[in-house]
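Before any questions on how it binds or moves, here is one chain, the form predicted on its own, in structure tokens.
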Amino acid sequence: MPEYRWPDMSKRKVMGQRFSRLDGVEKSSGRAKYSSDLNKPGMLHAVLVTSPHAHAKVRSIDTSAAEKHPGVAAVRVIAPAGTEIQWAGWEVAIIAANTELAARDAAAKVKVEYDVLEHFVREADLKKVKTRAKPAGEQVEGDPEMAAKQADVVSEGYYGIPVLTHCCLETHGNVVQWTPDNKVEFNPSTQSVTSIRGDLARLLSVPAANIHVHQDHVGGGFGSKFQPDRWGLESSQLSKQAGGRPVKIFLDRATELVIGGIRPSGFANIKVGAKKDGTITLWESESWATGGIGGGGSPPIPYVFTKIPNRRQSHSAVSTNTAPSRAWRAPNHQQACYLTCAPLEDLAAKLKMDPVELLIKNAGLTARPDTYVRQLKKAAELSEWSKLWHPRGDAGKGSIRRGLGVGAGTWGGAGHDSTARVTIHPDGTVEVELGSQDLGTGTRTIIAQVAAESLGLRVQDVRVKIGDTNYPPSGTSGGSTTVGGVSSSTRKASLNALEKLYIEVAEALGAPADQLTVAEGKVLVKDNPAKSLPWKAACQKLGVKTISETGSNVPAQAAREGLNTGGVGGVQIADVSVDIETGVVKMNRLVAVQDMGLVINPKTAESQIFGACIMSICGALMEERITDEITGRVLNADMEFYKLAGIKDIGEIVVHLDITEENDKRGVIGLGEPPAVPGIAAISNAVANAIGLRVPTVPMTPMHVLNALAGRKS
């Protein structure tokens, strides 16, 4: 059996190098085809009919006029009479027609009568929540009452982070064809090529073997695109109803922003206490959140600084008549980071203490003290903290005030289940096949790098084939688990295949198979490198045979093997300027220091962090879902009023990869989530440092900033 461990840092030729994404030119030139680009012969276009009411019961539904509309091929009722609607945007019916325009015209003819019921959609004020809150019960550690009495300084505040929508550039949807012979061809926009097949099979009561899933690229998911969804099920039924014609449905932007997935909110009243020297001794929090009708999960607060000795916590899940939440790039961590780092910054201000020094002093309250101390110092250096930071309220005169703030985060990121197949052909061609997906983060590229490193080849010598259920199964791209899973399975499969090749060429090289190795496109004898065969010549020894071997990452075994593990830390420092006359916040710089174990490709790793920082800037300064209390509807379900950052909004982003021998030895650790965590807290703290007081809720729009400056509630 081959020795699967990673080569030492100093001996790697391909891994650790800054390769551009293999599909970069294809995507930037517009040649890349997404599932939403598919247009099959005879294809029907499907459109949803959705409820305008946040809470109602369907009294009756009449689709007869829609069925008679020219071009309509199939109509299905999703919510028959008696169905209780729990949010605006609930799918009521679906229509397939020869054109999208015909389907939309027909949808307008569907007559639905509702009995409108009382709804609740705004959770920011706990006093208005009433019976919609479900308390989880109080948790107490240590003696918070005594700690509050003995604390030299106590800081109290209200903090809030609102619901955001996933806002994927490629909306949710799929193309599907359910043929009369009970075969289903499914082309979704998904983060889970392998498992979505089984999910759809259960929904359709079709054997999983009868379903083929294929996807080349996905235009964003962020945790929202795992399941087939109701539109996947219903469009499949439309295809069957229409005699097996393919059906295409991708949500329009308004529907996407209402039901395509949201990140839950997080609100809290928080009290923290400390000694004069900054030692944190007390944490008390009353928190609440919503993720829609099902309530909201409890953010893990206090966050990172989890070992505060005296704690009292209570949390309530608030049920609102809004569409349910979905996983979002570090579920509950952004909320927890903001609800922890903002109060700690306020505590530092009350102590008249440098907040970086406060966090360093209390690093012992974290799971990885040495990591956070190192990262805090590095982030401070890169942000020119000692030069630019000032005590709160000491930002100078004039209308433009500058400030710096800090946030810290963590995540797991161990690899998922994954199986790869590596095939070596007699002409020297190498193929790597996995039923994985590339969310745009460079998964194809790192698979190629791992295979090339393992086989002594160049990246361009390896052909990567992913996105299809005809390939070996691989896990969902969630939880920052993809890179660990696919790199480990690719490494194993490559070395397994290489071992078989050694057996085939051993005689020609006059050495035992276990004495052979590969380097720079050659198979050679370890102790006598002069005895070698070029890669293609070695593969020609196969004759008409091919070598095809698999390798698997098994999470339960991964830590022991050392190819991938989990657990990282990260620190970010924001530098902002605030116009106190207009309330406008300008990003000057966001510094991100992040560890992630072994780094296969520093270029794509940095790109991941750039994207995460931009998401944080959006969440801190402009992004939020706004619902109307009277109608229960989302008011900004469009790209005009659901604000996202443009290139002029993000300032400079400085990324430092915490690459060390110590981190490298931990194996590959995922990077999708962790850098998306600390930014919102860091930016909010920077604004507080600039203007001398806390803007209690994000996003920090001009209105919120001006209201805070005037002492008004937003």
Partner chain sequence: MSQFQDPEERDKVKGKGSGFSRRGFMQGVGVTGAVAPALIGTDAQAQTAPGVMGPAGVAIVLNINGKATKATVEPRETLLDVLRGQLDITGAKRVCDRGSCGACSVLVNGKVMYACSILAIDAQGKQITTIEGFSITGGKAHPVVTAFVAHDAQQCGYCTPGFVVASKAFLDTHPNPTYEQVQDGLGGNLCRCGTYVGIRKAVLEAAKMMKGGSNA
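Numbering follows the first chain given and starts at 1. Remember, predicted model here, so these are calculated numbers, not experimental data.
The same protein has a further form, the form predicted together with its partner chain, not shown here; the description that follows concerns it.
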- Message: How about K27 - does it come within 4.5 Å of its partner chain in the predicted complex, if we only consider non-hydrogen atoms?
- Response: yes
- Give a yes/no on whether H55 approaches its partner chain to within 4.5 Å in the predicted complex, heavy atoms considered. no
- Query: Using 4.5 Å between non-hydrogen atoms, is H166 touching its partner chain in the predicted complex?
  - Reply: yes
- Query: With a 4.5 Å heavy atom cut-off, would you call S20 a contact of its partner chain in the predicted complex?
  - Reply: yes
- Query: Within 4.5 Å of its partner chain in the predicted complex, heavy atoms considered, which of D143, D252, E185, E561?
  - Reply: D252
- its partner chain in the predicted complex has a heavy atom of only one listed residue within 4.5 Å, and of A88, L434, A379, L282 that residue is A88
- Message: If contact means a heavy atom within 4.5 Å, which one of 420-428, 451-459, 403-411, 106-114 is the stretch that engages its partner chain in the predicted complex?
- Response: 106-114
- Note on the structure: In sequence order, the residues of 216-240 that place a heavy atom within 4.5 Å of its partner chain in the predicted complex are V218, G219, G220, F222
